[in-house]
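So this first bit is one chain, no partners, the form predicted on its own, shown in structure tokens.
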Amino acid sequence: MSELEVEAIDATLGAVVTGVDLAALDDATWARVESAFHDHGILVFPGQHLTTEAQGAFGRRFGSIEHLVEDAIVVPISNQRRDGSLLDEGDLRMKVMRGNEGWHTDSSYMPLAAKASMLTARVVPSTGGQTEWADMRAAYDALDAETKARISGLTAYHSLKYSQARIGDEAPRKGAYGFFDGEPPLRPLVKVHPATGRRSLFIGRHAYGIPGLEPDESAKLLDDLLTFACQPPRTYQHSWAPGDLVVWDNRCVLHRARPWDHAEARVMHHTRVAGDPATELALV
């Protein structure tokens, strides 16, 4: 394969990486990929067509795999069952996927937030079904001095129960991932990236209940920050082709799925990398 090339996307985040076979990644090439990951926040690898094992091996380059389902290293995010039939709109999995259409960062609602996530496309619909990312580093940099001063030192709770209830999904899921009965984790609104030192907003649909603010005031502040942050040139939307892989940094990037016609199948394979407990554990 030709020499690795990293071409920045026309946004404040993201790069397309070519000239690399992720299934045969040597240490020197990995060092360049990791550097680009820290620089750009998201990396797009077109046409990789990785096996489950190869995707898991690439994920382990970033750290320990976060096991969302038992010991699985790759989890399907799909409206298609194994037999090829499609899920009904009322299925709990469809409700979670609808929730994924809101801006969020993975596992902020768990005691240990995720470091990185990756998706590979297996089956894509004829239209729609893109994934979009937003740069929380550039968003923080663009805030005015008064807002930066206001949010400095503020924290918010994160809860998947809260974010799903906000879209009308209050179905009980005892034992389901993310729907645990412990105290929702508390996290700063402004996060310092452990590798780059850059400040970014750490918000999204799971965030709520800023201590010291009334619920309405907290919700308005978080919604206003989210609306401000997730605007061009701080966003990138990817139209998937089968075989594409995208990896992103949950510590400084938000993402969301875009709608598609659920009469068509969409099959994505997801791997999530656990955060370093030294930097990604909740405050409480």
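None of the values given here were measured: they were computed from a predicted structure. Start at 1 with the first residue shown and count on from there.
Omitted here: the form predicted together with a small molecule. The next part is about that form.
- Candidate site formed by Asp106, Gln130 and Arg266: every one of these residues places a non-hydrogen atom within 4.5 angstroms of the small molecule in the model of the complex.
- In the model of the complex, the small molecule sits beyond 4.5 Å of every heavy atom of Thr196.
- Although the partner is absent from this view, His262 stays clear of the small molecule in the model of the complex, with no non-hydrogen atom inside 4.5 angstroms.
- Within 4.5 Å of some heavy atom of the small molecule in the model of the complex lies at least one heavy atom of Asn100.
- The closest heavy atom approach of Val253 to the small molecule in the model of the complex falls outside 4.5 Å.
- Here is the short version: of Leu87, Ala138, Val190, Ile77, the single residue with a heavy atom within 4.5 Å of the small molecule in the model of the complex is Ile77.
- Screening Leu160, Leu119, Ala116, Val124 for any heavy atom within 4.5 Å of the small molecule in the model of the complex leaves a single hit, Leu119.
- Contact with the small molecule in the model of the complex, judged as any non-hydrogen atom within 4.5 angstroms, is confined among 208-216, 130-138, 163-171, 148-156 to 130-138.
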